[in-house]
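Below you'll find only one chain, the form predicted on its own, shown as structure tokens.
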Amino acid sequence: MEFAELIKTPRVDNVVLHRPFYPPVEGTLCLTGHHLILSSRQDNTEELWLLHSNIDAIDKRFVGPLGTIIIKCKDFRIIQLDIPGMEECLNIASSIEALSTLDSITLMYPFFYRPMFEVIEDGWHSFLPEQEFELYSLAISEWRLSYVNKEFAVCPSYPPAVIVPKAVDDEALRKVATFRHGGRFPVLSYYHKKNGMVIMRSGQPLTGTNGRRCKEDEKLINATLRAGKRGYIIDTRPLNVAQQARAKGGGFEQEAHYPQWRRIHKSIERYHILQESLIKLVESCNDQTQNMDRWLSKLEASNWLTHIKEILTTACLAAQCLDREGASILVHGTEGTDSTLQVTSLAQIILEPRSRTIRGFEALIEREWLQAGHPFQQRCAQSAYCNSKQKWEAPVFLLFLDCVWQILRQFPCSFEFNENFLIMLFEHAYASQFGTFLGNNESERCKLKLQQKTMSLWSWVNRPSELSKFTNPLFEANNLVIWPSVAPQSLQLWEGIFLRWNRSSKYLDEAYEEMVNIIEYNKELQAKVNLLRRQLAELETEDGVQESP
């Protein structure tokens, strides 16, 4: 298919653009295969380059011969284009609709994008499982890297290499895979160096109504326990949902077969409930006419902060089991690709200082989201404005980033990255020139040959010129476990995401710059103090030498 077939009118003059925080600007609108571009001949006017893949929905209005297209973006921006001529307006609208809903992944922009910057580091090879396993040097006696899934034959949503207990061979793993949803047998997610306890994750066990069991599965998860120790299974579904799953062939671990494990059920919502929550929240944030009571009731009705609280509470529970109880845990829901990953990755943010650095956080996303099989292509297909809702769309990753922001806000000096880093990740998960978030799992990314045909997001982010934008000036390495408050009073709406197109951040940006300047000035003064102290010590030494007979 040629893009030209979808572009009915490639160019229109005298189009007026309205967008947040800029005055209206008149210019020429051009449509390419991947971008909507508006350029003006006016001096000092920034061009608009908008990826078609960032467009969530469009509305059309007509007043006489003038047409208006309202473009609603996946990053929650709303842009208005006033186009002279009804036919041109209809042509532009239908072209945008066709170009923003391309079925084939290989027609998306990452396959056509060529970087204008020098590639210093190949991001595709920055966080390989082998490199991550080397960091667990203390665990090598009890764990091993298995390539049982080398051809994605055992589990289509797992990477080729996974970390499993040494006591369990590959043949046993194949049997366990037939007993777990989607073949997702228990694998190592995190090793707590302080006491050797671990977080494992998996899909639900396929016990069904007859209480089917799997001896190899019992052996696998028991291999993580120390003598005389108990473990915890954190099921992210309420008990009644887990019980209902048995009728469909799913289920949960029976106490009789897992006597050393205590099962805890939590209630983290999934799919359409989360999507509806996001839609309600964005709708209420965009309503500028409401009074205080209405705003607060709509914020409450969206349930967004309730979801944040549930996820953070479960992550804190997981971290407590490891750090305070000295117990290993297994986390799963139904598939093990959504709420499971929210919990395992947030528990690591709480427990592991490395996860709070820029590269450590990138490694976490690579390991616990991309390689762990979170279906980004499905979950991030649409955002808060799209009318044609599919059942698999859900802001699971955005909720995770929001939870990280809540912890960052409570511990502003413990993270090497700033809020802009999290916002950037949200934007690229939904629309990007990079191939990192394409596909639903490693198997799909392999078939698409993303490593050969697209650029990794990490190749761009980890360049010094970009890193400076994402570095937190307040960062001081903190090797302690950080325990966030999950009390309702401690959780706030993430204005940097949900209100950034409704309210100018000009004064906040100025305050941030002033803070950076103060910190830099403080460092300079500290360096001067250290120099003067050294000079004083040298003078005192010289005086002492001269006075001695």
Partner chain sequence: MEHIRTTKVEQVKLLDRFSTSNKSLTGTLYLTATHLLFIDAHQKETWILHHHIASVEKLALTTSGCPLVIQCKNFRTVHFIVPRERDCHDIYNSLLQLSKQAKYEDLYAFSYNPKQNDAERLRGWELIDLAEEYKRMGVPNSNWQLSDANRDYKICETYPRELYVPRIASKPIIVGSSKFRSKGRFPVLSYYHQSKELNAMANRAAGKGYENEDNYSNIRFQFVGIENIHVMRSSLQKLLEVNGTKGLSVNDFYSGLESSGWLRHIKAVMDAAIFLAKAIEAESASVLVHCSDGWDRTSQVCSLGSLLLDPYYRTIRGFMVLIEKDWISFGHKFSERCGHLDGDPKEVSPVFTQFLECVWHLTEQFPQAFEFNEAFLLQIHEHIHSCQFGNFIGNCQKEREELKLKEKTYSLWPFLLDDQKKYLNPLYGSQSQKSAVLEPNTVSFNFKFWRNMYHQFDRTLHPRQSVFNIIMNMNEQNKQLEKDIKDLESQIKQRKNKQTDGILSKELLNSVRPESPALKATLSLKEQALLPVNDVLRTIEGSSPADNRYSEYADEFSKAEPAVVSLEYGVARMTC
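Residue numbers count along the first chain shown, from 1. All values derive from a computational prediction rather than experimental measurement. We call the rigid core the largest set of C-alpha positions that still match within 1.5 Å between the two forms.
There is another form of the same protein, the form predicted together with the partner chain; it is not shown, and what comes next is about it.
Remark: of stretches 81 to 89, 212 to 220, 258 to 266, 102 to 110, the one touching the partner chain in the predicted complex is 258 to 266 (heavy atom within 4.5 Å). With the partner omitted from this view, the residue of E171, E130, D122, D293 that lies near the partner chain in the predicted complex is D293 [heavy atom within 4.5 Å]. Taking a 4.5 Å heavy atom cutoff to the partner chain in the predicted complex, the contact residue among L66, I70, V486, I37 is V486.
Taking non-hydrogen atoms only, R144 never approaches the partner chain to within 4.5 angstroms in the predicted complex.
Residue contact check for Q378: none of its heavy atoms lie within 4.5 Å of the partner chain in the predicted complex.
The partner chain in the predicted complex is not approached by N195, whose heavy atoms all lie more than 4.5 angstroms from it. In the predicted complex, the partner chain sits within 4.5 Å of a heavy atom of R324. Contacts to the partner chain in the predicted complex (heavy atom within 4.5 Å) from stretch 395 to 414: R409, Q410, F411, P412, C413, S414. For N530, the Cα coordinates differ by 2 angstroms or more between the shown form and the other one after the core has been superposed.
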